[in-house]
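Quick setup: one chain, the form predicted on its own, written in structure tokens, and binding and motion questions come after.
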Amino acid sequence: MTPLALGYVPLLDAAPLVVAREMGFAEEEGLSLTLTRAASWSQLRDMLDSGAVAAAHMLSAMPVARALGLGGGTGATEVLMVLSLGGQVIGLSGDLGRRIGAGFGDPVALGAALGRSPLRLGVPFPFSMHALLLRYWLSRAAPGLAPQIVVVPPPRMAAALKAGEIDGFCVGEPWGSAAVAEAGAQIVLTGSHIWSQSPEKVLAARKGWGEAAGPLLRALWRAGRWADAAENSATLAEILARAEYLDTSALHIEPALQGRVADQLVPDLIHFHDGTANFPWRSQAGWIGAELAEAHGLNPGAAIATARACFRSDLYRRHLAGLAPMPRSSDKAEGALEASESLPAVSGSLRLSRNRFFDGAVFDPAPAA
């Protein structure tokens, strides 16, 4: 067996790594996985940079931000596959939710209700899909609102809300549900209400390491398929809840695995595999690059080109050939798909899930000149 150390932050979307280890998919590929838990994304970044771990469960925006000179750290990082889509929840303090009469699931109405109130919103990391989704939503639904974004590690989100350090948050499950139980939070949106197919977590590695990462990618692809199967949700929740992984109640975990949050059924709440979830689309990276460029005053064309190069769809195609269905292009029109559909693939066919932004926008994935 080949020993391999992977880093992760304790979140539901670390499931593919945990499942690959616990259910034997890594062992089938000749790998003996060691999973090292990080308390924050900056700690995980440093673990990867130092070589303490070979690859890591990482926020999708982090490798792009680093390539653009944002977010700290040393060395280039590449995305080898997408581990999860969605899984983010947006919550408000109970007092704020009651004051504005917050409902659930309507980004436009919620943006209007928030008005121009000063807000402090917690996110796990400044260069994250959480921060990008908040910015995208509020810039369009509440353009006069300029919230203060505060970095709070996911397991501390409930405590920060209870202490009055923040007025709301965008965080990955199960820490939104934990904030409901422990701090009286009110969940008002999910990430999929803003972008139904946002790439949330990725498998990231230092540049060049992915050339020989085939066994790991195959193990994680199979693990993601197992984790996405509805019949496995109770078992998966119990595994993730263990002290060595998320160290929380399975009652906070299982509803999200079943597509439920705030007692509501949410389409596309989180996926680990279905709908071609694992393919590292260069158009997804381009959207991240465009949003970071707008937020930080960078040249958009250059940022998009740099971002696209971070998502190694070429390595994914090479390592998973014959196992995963491959799209004919590494780009798609982000936001343009009203409903899921099947498409011809390089070999056979594949299914793409519904892909919509709340405001109906479409991101042009054409490579920058």
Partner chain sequence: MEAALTIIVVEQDRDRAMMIVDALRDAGQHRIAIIGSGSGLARRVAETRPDLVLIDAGDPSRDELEELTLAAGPLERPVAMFVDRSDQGLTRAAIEAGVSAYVVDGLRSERLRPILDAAIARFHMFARMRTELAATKAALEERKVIDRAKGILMCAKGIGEEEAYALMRKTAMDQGKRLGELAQALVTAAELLR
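Residue numbers count along the first chain shown, from 1. Keep in mind that what you see is a predicted model, and the values were worked out from it rather than measured.
The form predicted in complex with the partner chain exists for this protein as well; it is not shown, and the discussion that follows is about that form.
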| note | Of A234, V150, A229, A109, the only residue with a heavy atom within 4.5 Å of the partner chain in the predicted complex is V150
| task | Could you check which residue among R156, R222, R135, R206 gets a heavy atom within 4.5 Å of the partner chain in the predicted complex? | result | R156
| query | Picking from 311 to 319, 338 to 346, 33 to 41, 324 to 332, which part of the chain touches the partner chain in the predicted complex when contact means heavy atoms within 4.5 Å? | reply | 33 to 41
| said: Under a 4.5 Å heavy atom criterion, is T74 part of the interface with the partner chain in the predicted complex? | reply: yes
| request: Answer yes if any heavy atom of D46 is within 4.5 Å of a heavy atom of the partner chain in the predicted complex; otherwise answer no. | output: yes
| said: Would you classify L70 as touching the partner chain in the predicted complex, given a 4.5 Å non-hydrogen atom cut-off? | reply: yes
| said: I'd like to know whether G214 contacts the partner chain in the predicted complex, with contact meaning heavy atoms within 4.5 angstroms. | reply: no
| query | in the predicted complex, which residues of 1 to 38 put a heavy atom within 4.5 Å of the partner chain? | reply | none
